[in-house]
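As structure tokens, one chain now follows by itself in the form predicted on its own.
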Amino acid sequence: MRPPSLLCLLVPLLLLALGLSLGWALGDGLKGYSGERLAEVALELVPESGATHPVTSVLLNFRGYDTLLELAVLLTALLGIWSLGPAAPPYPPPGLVLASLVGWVVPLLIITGGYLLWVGAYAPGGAFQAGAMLGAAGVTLTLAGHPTGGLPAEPWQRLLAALGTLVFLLMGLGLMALGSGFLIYPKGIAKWLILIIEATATLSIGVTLIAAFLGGRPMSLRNRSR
């Protein structure tokens, strides 16, 4: 039996040291800071954010850069999937029971997504939850044999996948050009600007999740059916 190599011993030790360091940093951050915490500051500024729910305020206003980058990461991941080649063949057509069930489930998922988008301003919800519901609707259609998962033609699919990131970025640049600062929303119209960003992000997230599940570059319905 060969003794373990130095590399096999070094990797677990490094992982253990990293874990201990992160644990120490977390404990020090929770216990060693006696000043005002970011959570308290964020809660005080919620009325000025354009949304009445703290989570939406944080995601779309106080740390909007991070949310923009999350959308960009989703788009980049989808572009990587599309670069791998055509999508897999579609699932076989469903039977009568599954087809009837899909006819009920998919509209409910879409309605739920719309509700989560609207309610996100003042209750738990928002673009990512709503987009996940749209994605679930498309995945359900795909499993039931729909070759495109309910997605539109290729040009529209590409546009919708990039729309959330594009609108988010253009909104920030437009506000900066007007002198307000990048993603610094004017108080009077902050609510509507956030709603526009969330609506377009919902569409992009839903399309991205469905397209990622299909697992390849978009193709026309005729080509997918061959």
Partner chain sequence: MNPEILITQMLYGCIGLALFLLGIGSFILHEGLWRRLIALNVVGSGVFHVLVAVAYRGLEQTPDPIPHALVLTGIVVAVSATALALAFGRHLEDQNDHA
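Keep in mind that what you see is a predicted model, and the values were worked out from it rather than measured. Numbering follows the first chain given and starts at 1. The term rigid core refers to the most C-alpha atoms you can superpose between the two forms while keeping them within 1.5 Å.
Only in words, not in the display: the form predicted together with its partner chain, which the text now covers.
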{"item": "Stretch in contact, per heavy atom within 4.5 angstroms of its partner chain in the model of the complex, of 187 to 195, 171 to 179, 153 to 161, 56 to 64", "value": "56 to 64"}
{"item": "Any non-hydrogen atom of residue 128 within 4.5 angstroms of its partner chain in the model of the complex", "value": "yes"}
{"item": "Partner contact for residue 103 in the model of the complex: its partner chain, 4.5 angstroms, heavy atom", "value": "no"}
{"item": "Partner proximity in the model of the complex: residue 166 to its partner chain, non-hydrogen atom cutoff 4.5 Å", "value": "no"}
{"item": "4.5 Å heavy atom contact, residue 209 to its partner chain in the model of the complex", "value": "yes"}
{"item": "Of 74, 141, 109, 117, the one that lies within 4.5 Å of its partner chain in the model of the complex (heavy atoms)", "value": "74"}
{"item": "Heavy atom contacts to its partner chain in the model of the complex at 4.5 Å, residues of 76 to 106 in sequence order", "value": "77, 80, 81, 84, 86, 88"}
{"item": "Residue shift check between the shown form and the other one, rigid core fit, residue 26 Cα at least 2 Å", "value": "yes"}
